[in-house]
Structure formats: C-alpha cells, structure tokens
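We begin with a single chain expressed as structure tokens, specifically the form predicted on its own.
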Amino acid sequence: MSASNPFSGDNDSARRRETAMRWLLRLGSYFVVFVTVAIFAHISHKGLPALLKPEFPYIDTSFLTELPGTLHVIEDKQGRVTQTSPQEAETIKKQLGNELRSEKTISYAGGGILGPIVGTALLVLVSVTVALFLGVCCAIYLSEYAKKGKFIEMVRLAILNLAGVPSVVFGLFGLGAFVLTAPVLTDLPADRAVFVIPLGFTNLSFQGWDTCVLSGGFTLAFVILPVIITASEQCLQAVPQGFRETSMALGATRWQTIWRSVLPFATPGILTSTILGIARAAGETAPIMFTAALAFKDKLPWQKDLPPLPADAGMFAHWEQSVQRCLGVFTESVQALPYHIYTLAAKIPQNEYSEQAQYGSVFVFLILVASLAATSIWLRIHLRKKYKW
C-alpha cells in the first residue's frame, strides 16, 4: 500500500525539509521586525534630543508650537555656545561685545515645526476625504452594480496599473490638472485661463487653483485612490450574499440593501485601506512639491492678511470675512513635513544642528502617522465589535 501512495517517501527527510522551511520563514519574519525596530530606535535616538531639554518639564514644546526659522549659533571666547533666534541674536552679540568669538546661521534649523505639522494635517484631511468618497463610490459600483465583462476587467486593470505610477508623475498631473487648469468662479478671469464659460452672474474660468492645499490634497487623493478602491471592493465582496438576498426579499431596493445591509459590515475593512492611504498621503514628497508645498512660510494658513473692515461695518461683513478667512485655509500654500525634511537633508549643509532638526522632524512625523493609523485601527476594532456576522 505504501508503494502505491504517490506522497509516500522518507518521512525523516520530509520532516527535516519542513522544519528548515519553517525556520527560514520565521527568520525572515524576525528580520523584518528587527529592521523596523532598528529604524525606529535610530530615529528616536537621533530625534528625541530635539524634543527634550534639561529643565522641568523636560519637553521642549517650542519645537511643536513655533514656526521654522533660522538658527543662530553664537560662541564666546570662553567656549560657551548659545543657540538662539534671529531676534535675540543681536541682543546677545551686543551683550558679549569683544567677548564674541564666532557666529554662524543655519536656515530652517531653528524655531519649531508647527507650520509643517499643520500643512501635513490639512493635506491628509483633504486627500483622504476626497479619496474615500470617490474610492468607496467606485468600489460600490464595481462590486454591486457593474456586470462582468471585458470593459469592467479593463477598468480593474487600469486601477491596478494606477497604483504603480511613480509619484512624480502624479505631481506633474496635479500641476496641469489642478494648479493650472481646474475651474473657478470669478468675475475677472486670468489671462492664462484655458477657456471661460460665461454664466451671466459670473464666469466659470478654467485657470487653476494655483499652488495650495486643495491642489495638493486632490493630487494626493489620486495617489491613494487605487489602494482604497481595491481594498474597499474586496471588503464589499466579502460580505455574505445572503445579506443582500434577505434584504431584497423583504422589499428593500438595491441602494437600501447596500446602505443598510452591506456597507456597515464592510466599513471596518474600508478603514484598513484608509490607514494605508493616510500613511502614503502623509509621506509623499514629489506630488506636493509641484502643487502645494513651500520650503518656508512665516505664517500659518489661517493667518491670511485681509483688508481691514471699516469702522461702521455690520455683523454680516464680519461674518463674511470670518468665512473667507476659514475657507482661505484651503487656498493657501503650506509647508509639509516630508518636504521640510527633504529641505533639511538635501538643501542645507549638514552639521550637528541641522541634523538635530532633521531627525526631530522625522521623529515627530513618525509619531503623527502612527497616531493617525492608531485612530483608524481603534475605529476598525470598535466597528467590528458592533457589526458581526
């Protein structure tokens, strides 16, 4: 009987091969974990000093609450080194007088990173909002409405190919589609407008949004769109077909069935795709270089200069200006942590001061992305407990 069994053989040899393969896979997994921990430990070791100070409460909150600036490093003849801002540098030099030995300045290495943090948060907010809406709508159509055929297979193949497009190509696409061509409502169209459609009360001018949060956010939305579409479609298809059949047997329409019986159970998986989208959107540099990011900006997006209102301005005028200031956040260029890190690493001469600012920015960036991902994971776990089948 054993000779006729095609799977029979040397059990000891097979067991050794099985053990060797199991250990090979285990070592590969341990190596990935080790590299991840080593990277995080290295960044923490280099970046934590930027957030710490010797005095109580030992946390340098100024690194998180101040805008980037130029760092002045002043050394006196006794060898004492003082790191200060441009405003305080002149006062310190006057106090030292002839005791001043040297002074050097390092751009972007002073102050903090509040501007890049705010810019990154705004870009992620816009991109994830747009990508979730478009991605879930597309996934619902492909999973629930589309009929199987060559055209739908081509659409799915195009989505998968879109995920492999280099990010710099997305940046050039965003430059052409949103910065230079996107439509705006305006009474005075710009000379660069591709074409203008008169609407009677105003004009629809295809002149672009310029470099701003909206342009960068929409560009990043297309970067993460393939991930969200693919993952969301798979989550919708994982919901048992019996849920749909039961709902429609009770008289529900197709849309009511999707909204009430399918989408809630697919939401935890969709949030998983959102985690991947957040991580990639927050870490992209090339797309925002063309569409949204600045190397330096001395104001936050909502600190836009608006013309002062007259003394007799009414409540409506003040309300209108407040709305304009709020919406103007999305039409301003911003700093972003990936581009700020790139500037520190590639554009500034490397020394101990620029390195500290660089690693400190990377460390905060990792914590920010991890916090966003942890929030999504918590929501996913909470919804999984709520919706079970």
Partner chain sequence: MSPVSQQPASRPLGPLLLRKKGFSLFGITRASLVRRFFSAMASVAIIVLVLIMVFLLRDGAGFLSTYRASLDVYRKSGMELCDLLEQPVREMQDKSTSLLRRALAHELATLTGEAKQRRDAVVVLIGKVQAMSAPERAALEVVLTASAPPETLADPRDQLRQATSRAAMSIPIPSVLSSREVEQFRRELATLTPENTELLPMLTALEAEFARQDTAARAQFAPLSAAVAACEQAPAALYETLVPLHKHARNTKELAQKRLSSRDQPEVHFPDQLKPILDARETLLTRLDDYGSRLKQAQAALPAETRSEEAAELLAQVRELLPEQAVQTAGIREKVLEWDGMHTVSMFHAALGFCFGPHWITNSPWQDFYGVVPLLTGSVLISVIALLIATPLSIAAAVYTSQFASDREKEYIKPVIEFIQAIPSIVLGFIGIALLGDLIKSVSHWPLLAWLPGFPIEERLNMFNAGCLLALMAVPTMFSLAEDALNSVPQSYAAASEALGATKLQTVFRVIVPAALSGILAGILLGLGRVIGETMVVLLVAGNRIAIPDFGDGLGVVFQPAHTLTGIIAQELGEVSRGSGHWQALFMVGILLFIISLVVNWCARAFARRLETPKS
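Residue numbers count along the first chain shown, from 1. Keep in mind the model is a prediction, meaning the values are calculated, not measured. We call the rigid core whatever largest set of C-alpha positions still superposes within 1.5 Å between the two forms.
There is another form of the same protein, the form predicted in complex with the partner chain; it is not shown, and what comes next is about it.
J.: Whether Phe296 contacts the partner chain in the model of the complex should be assessed with a 4.5 Å heavy atom distance threshold; does it?
T.: Answer no; every heavy atom of Phe296 is more than 4.5 Å from the partner chain in the model of the complex.
J.: Spell out, yes or no, whether the shortest heavy atom distance between Leu327 and the partner chain in the model of the complex is within 4.5 Å.
T.: Result no; Leu327 lies far from the partner chain in the model of the complex.
J.: Is there any non-hydrogen atom of Tyr58 lying within 4.5 Å of the partner chain in the model of the complex?
T.: Close contact is absent here: in the model of the complex, Tyr58 is far from the partner chain, nothing within 4.5 Å, heavy atoms only.
J.: Closest heavy atom of Met289 to the partner chain in the model of the complex, within 4.5 Å or not?
T.: Yes.
J.: So if I measure heavy atom distances to the partner chain in the model of the complex, which of the stretches 265-273, 230-238, 187-195, 116-124 falls within 4.5 Å?
T.: It is 187-195 that comes within 4.5 Å of the partner.
J.: Within 4.5 Å, heavy atoms only, which of Thr65, Asn351, Ser322, Ser29 is in contact with the partner chain in the model of the complex?
T.: Contact residue from the list: Ser29.
J.: So, Ile278, Leu379 and Leu383: all three within 4.5 Å of the partner chain in the model of the complex by heavy atoms, or not?
T.: Checked in the model of the complex: no contact with the partner chain for any of the three.
J.: Sequence order please: the residues of 151-186 with a heavy atom within 4.5 Å of the partner chain in the model of the complex.
T.: Residues within 4.5 Å: Phe151, Met154, Val155, Leu157, Ala158, Ile159, Leu160, Asn161, Leu162, Gly164, Val165, Pro166, Ser167, Val168, Val169, Phe170, Leu172, Phe173, Leu175, Gly176, Ala177, Leu180, Thr181.
J.: 2 Å or more on the CA of His45 between the shown form and the other one, with the rigid core superposed, yes or no?
T.: After core superposition, the displacement of the His45 C-alpha between the shown form and the other one stays below 2 Å, so no.
J.: Is the shift of Asn351 between the shown form and the other one large enough to count as movement, that is, does its C-alpha move by 2 Å or more after the core is superposed?
T.: It does not reach a 2 Å shift.
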